[in-house]
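Given as structure tokens, the chain that follows is alone and in the form predicted alone.
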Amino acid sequence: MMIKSALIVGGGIAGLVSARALALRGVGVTLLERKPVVEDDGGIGIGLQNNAMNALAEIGVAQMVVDQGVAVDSIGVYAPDGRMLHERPTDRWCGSPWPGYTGITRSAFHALLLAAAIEAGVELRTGMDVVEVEPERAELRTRTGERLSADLVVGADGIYSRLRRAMFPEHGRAVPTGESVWRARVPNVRKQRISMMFGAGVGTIGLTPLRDDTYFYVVDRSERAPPRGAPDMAERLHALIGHVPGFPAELAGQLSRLPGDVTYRPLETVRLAPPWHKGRVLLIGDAAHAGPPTLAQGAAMGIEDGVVLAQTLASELDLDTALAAFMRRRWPRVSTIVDASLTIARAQMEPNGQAAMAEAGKAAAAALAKPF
């Protein structure tokens, strides 16, 4: 390995995966998290498609995900009247032995990745609020005035990345898509397949099976946002789609009423043109590319980033060559997925958007069928 030390900024999915991937190859990794603890940021559930599982297998955690999640073998697409239009198997790409789709709670997945990073020897430092970056020296300054440096800095600090704002100010802000997503936990309801419905007066209505519960989501236009801090989120979501026949009405009537179990978030996008690095600082995951969750590939792209970064650093002779190789591998794939996600997000809100959605889905599937 050409580098001996790395600073990872951000303790989310991409940060933890890249930290473990580098540590397993002998790099001394310190992960810096702004919050007092490294924890999941309030998500409900996550669906990991086969490409994400293939990448997780590279760092030895895919089986852990299967053990704590639930493998899903089929996807059902429904009409607005509740009828199933068609059902298909989940995809297994590149001869993979892993499930085509694995549903797991966000908290369980994050805790698993955190434990895996610690097991690999990653040093965790919390309360580290990075306010300044010097790319050429790979040096960071925290709000308390502490300065840290390493051979490489990896910015995995999410869609509102401070490192991106400092390094690429013209791309500093995430761009609203005009849509938002409701996410909810349905307790003690176990489903066997992924389900999606289009054309019911909103965007996608869907569910992902979890081990003991169901992760339920609804995409809607942002102009129908609930008041900030509204206490009756479950009731509001029920009012939005509780009249839709089939699984939407069924699940809307069983939503958890616990605080934090029904959330609402505007959707935004980041599409940083290559390169995603300056000097010895590289951005990955949502800090460099974020699209709406229409393909369930946001976390997967960040997971792949972390694994590919470790691979290219191990295979190239110098850092500049390695970062260039990283961009050659990641940019075509990531840009295709983000573009397709945005196309689907826009088309799903239009009365005649099915053809555009289908074409974007084909383009994404063709990209995902190739090795990352």
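None of the values given here were measured: they were computed from a predicted structure. In case it trips you up, residue 1 is the first one in the sequence shown, and so on.
The same protein also has a form predicted together with a small molecule, omitted here; what follows describes it.
Among residues of the shown chain, M53 is not one whose heavy atoms approach the small molecule to within 4.5 Å in the predicted complex. When contacts are judged by a 4.5 Å heavy atom cut-off, W98 does not count as touching the small molecule in the predicted complex. Within 4.5 Å of any heavy atom of the small molecule in the predicted complex lies no heavy atom of H171.
Although the partner is absent here, H238 sits far enough away that none of its heavy atoms falls within 4.5 Å of the small molecule in the predicted complex.
The putative spot formed by K35, R106 and R162 is fully lined by the small molecule in the predicted complex; each residue has a non-hydrogen atom within 4.5 angstroms of it. Out of the listed residues E87, D212, D232, D129, D129 is the one that sits within 4.5 Å of the small molecule in the predicted complex by at least one heavy atom. A single residue from the set A156, V153, A117, I205 has any heavy atom within 4.5 angstroms of the small molecule in the predicted complex; that residue is A156. The chain is drawn here without the small molecule; in the predicted complex, the stretch among 74 to 82, 144 to 152, 262 to 270, 242 to 250 whose residues come within 4.5 Å of it by any heavy atom is 262 to 270.
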